[in-house]
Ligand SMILES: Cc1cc2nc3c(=O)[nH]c(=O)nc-3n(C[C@H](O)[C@H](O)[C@H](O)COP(=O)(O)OP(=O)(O)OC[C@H]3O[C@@H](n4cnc5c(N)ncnc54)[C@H](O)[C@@H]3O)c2cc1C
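Just the one chain here, the form predicted on its own, laid out as structure tokens.
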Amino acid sequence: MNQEHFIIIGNGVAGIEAAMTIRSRLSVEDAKITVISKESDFFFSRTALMYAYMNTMQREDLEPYERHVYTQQHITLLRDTVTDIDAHNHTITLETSAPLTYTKLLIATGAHPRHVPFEGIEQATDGVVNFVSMQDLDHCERLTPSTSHAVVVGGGLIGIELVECLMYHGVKVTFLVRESSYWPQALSHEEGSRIADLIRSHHVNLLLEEELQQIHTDQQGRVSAITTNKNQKIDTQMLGICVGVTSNTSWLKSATTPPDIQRALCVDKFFQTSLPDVFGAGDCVQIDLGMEQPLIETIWYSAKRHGQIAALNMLGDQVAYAPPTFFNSSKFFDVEYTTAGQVVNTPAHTKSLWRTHPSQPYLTQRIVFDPTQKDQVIGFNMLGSRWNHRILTQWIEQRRPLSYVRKRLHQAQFDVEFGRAKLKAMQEEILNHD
């Protein structure tokens, strides 16, 4: 039997999970595995970048796998850039290395920060940063010693992580959020208002309903100030732009055999692209599941699952992707955040059980339920304490009613024993979703 060659473009979580899955099934005699990436030598957890910036973790600590694992698993890591794909001949062209021939190819190139053509951004040759790559971390660390004031644009998780990192280094921060409440894509008005208060309590100049209008630079091209849509000019030496990401697929459009690309790389439910023996996974893909709109999941947990299932299909298993119940966890400064299921853009007839603590403003629980379906719980947003998302998602998948969940909330608490939220002290009210 001839040795197969599996090539994976991208060493993020989707790519490495795919490589590990393939190796778990095929020996080195049966398959050669090559992972190609220019960003870093080894796979690192992108969600932990902030801990390296805040000096609580070393760069190597960001890597989920020991470096010797790749050698043990006979996975070749190649630091290079793929510049072309020829699916007819099953070959790829690289920037500095010789062309390679593949049996199966996986495109897992992830996403890059969304570019917004703000006025003056082309003249800003230094001082504008993002916060999604190892190169972004390098850039931020280089600028920090010469920065006394920074502006961060964008009110999601990446934005607040960058704000927290800058505050750690003693940098004053203005945080621009264009919406009327903080992160309405994930938080209700009640939750968003409390998190806005939390941000301000850490001496961050949070400006709601205010947007970046123009970037000003000094004679060297470094950012020196910005102007907002309310004609407020703010001096700054660093501008963090955290307004979302877009799939890293534009380079594929000029390939010898370009795959179908819309908002992202198009794949079917088996992660197969329009090209034979070429698959896609992770943040760079949109998945056709036969619904009205293709599915785009730019989240670490989903990318991990993508890589595993894409690998199984590369091995010929024909495993269709079924999106799991959504969940995520993070922190707003020192306030824990866990979410699961549907919590935003729910039908108007749904309601929430809103639980608050009389003396701890950042300790809240929101349980979304559907009165038309016997009070079936469909989502959770939990602030200020830790929760086991597996139990929360299990209750959603089991279609448990609100009465069942309310009685058993303690079973999903994940706090340390003596630091658990006092559930009996919570005050409750029912909120309509109008």
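Residue positions are given as counts along the sequence shown, with the first one as 1. All values reported here derive from a predicted model rather than from experimental measurement.
Form predicted together with the named molecule: not shown, discussed below.
Remark: residue 354 does not count among the residues lining the named molecule in the predicted bound form, judged by a heavy atom distance of 4.5 Å or less. For the chain shown alone, residue 109 is a contact residue for the named molecule in the predicted bound form, at least one non-hydrogen atom being within 4.5 angstroms.
Contact check for residue 18: every heavy atom lies farther than 4.5 Å from the named molecule in the predicted bound form. Residue 280 falls outside the set of residues with a heavy atom inside 4.5 Å of the named molecule in the predicted bound form. Of the listed positions (300, 168, 333, 270), a single one reaches within 4.5 angstroms of the named molecule by any non-hydrogen atom in the predicted bound form, namely 300. Here is the short version: of 116, 344, 255, 132, the single residue with a heavy atom within 4.5 Å of the named molecule in the predicted bound form is 132. If you check the named molecule in the predicted bound form, you find no heavy atom from any of 31, 101 and 310 within 4.5 Å. Segments offered: 219-227, 201-209, 243-251, 317-325. Contacting the named molecule in the predicted bound form at heavy atom distances within 4.5 Å is 243-251. Shown here without the named molecule, the chain has no residue in 335-369 lying with a heavy atom within 4.5 Å of that partner in the predicted bound form.
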